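A single chain, nothing else alongside it, follows as structure tokens in the form predicted on its own.
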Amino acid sequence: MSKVALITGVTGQDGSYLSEFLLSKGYEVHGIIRRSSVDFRERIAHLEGQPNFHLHFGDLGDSMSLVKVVGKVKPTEIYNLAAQSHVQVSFDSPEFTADVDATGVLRVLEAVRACGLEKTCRIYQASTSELYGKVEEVPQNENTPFHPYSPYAVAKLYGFWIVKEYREAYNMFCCSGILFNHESERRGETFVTRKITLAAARIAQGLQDKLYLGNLSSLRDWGYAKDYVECMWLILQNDKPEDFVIATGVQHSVREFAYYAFKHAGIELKFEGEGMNEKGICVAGPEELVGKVLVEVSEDFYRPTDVVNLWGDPTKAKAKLGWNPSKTSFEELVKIMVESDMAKVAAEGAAQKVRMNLAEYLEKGIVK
């Protein structure tokens, strides 16, 4: 029997990498995208037109659309990656976050049952290290108590528990992967890691003066999204449905991420001061930047409640799934992201220069 995968959140960072991975495994891959006046398909544009890649309109907020797509596709595996995935946004839009990240998971599970696929379809739920929130144990594993510390985390906790409930109540093969922070060159530009790598590239190329960040001492377990989607797949190939922590087991601060990002952009930073008064000063790099403050802390980026010590223990995933979390090191990850953004910023700068020259020519009447 050929394997058919249905991916929600297919246009996101993880969805695009997972689509590539499953296509390489010979899957027929179907993705759900939302109807919108703005099209966000940049990450999967290179996959469209492939014979085994298909897109369908649907929404986690609309149960009927999910039932229709699931009934039509009849997937053997579902990867529920769609979510309002930004912690800060969840404070601004808590109701929307709850509808998508909590009730949306229930809608996916019920769509499978409504279509009579509960015995043939395996379901992966993208859970999050934010469940641990105000951490009660370091590092965190599958048995660490949860203490969600944001509307996003609370909504995701419902998603985790409803998956567990359907597994036990209906004997469905549904599991959660508790993913710790995973980044890539496809990460959204509002997330702190991508914000840092873009700023480093722009500052190095003279297109930005300074980067403002929140708590530089926040600790995270950062991995490469391209490596993590393999573990999602391995979870659904396991003999029995279980939940797994997906992490590197290595911890770094926001400060370290910024240091290495600027280093790979050709700038060496030295951090001075503490808390709100901490600054990142250029001590080596382009002559015009040496001695300048390039990184500052802003209270605008402090959250009402902030998670400061996330650190995953991937022992179970390594032992039971044979997954290797160390394929891409922390510094390699930062380098990949910076090199991508250096090229992106250079292209943007060149395009901007062309537009400015054209505007000047038009003004002078050289070009009509």
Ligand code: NAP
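Just so it is clear, the structure is predicted and the values come from calculations on it, not from any experiment. The first residue of the sequence shown is number 1, and the count goes up from there.
The next section is about a form of this same protein that is not shown, the form predicted together with this ligand.
- Heavy atoms within 4.5 Å of this ligand in the predicted bound form map, among the stretches 111-119, 137-145, 197-205, 175-183, onto 175-183 alone.
- Although the partner is absent from this view, His252 stays clear of this ligand in the predicted bound form, with no non-hydrogen atom inside 4.5 angstroms.
- In the predicted bound form, this ligand sits within 4.5 Å of a heavy atom of Leu60.
- Contact between Thr97 and this ligand in the predicted bound form is not found at the 4.5 Å heavy atom cutoff.
- Using a 4.5 Å cutoff between non-hydrogen atoms, Lys68 does not count as a contact of this ligand in the predicted bound form.
- Looking at this ligand in the predicted bound form, residues Gly9, Asp14 and Leu81 each place a heavy atom within 4.5 Å of it.
- A heavy atom within 4.5 Å of this ligand in the predicted bound form is found for exactly one of Ala261, Val245, Ala126, Ala155: Ala126.
- This chain lacks the partner; the member of Lys320, Lys335, His54, Arg43 within 4.5 angstroms of this ligand in the predicted bound form by a non-hydrogen atom is Arg43.
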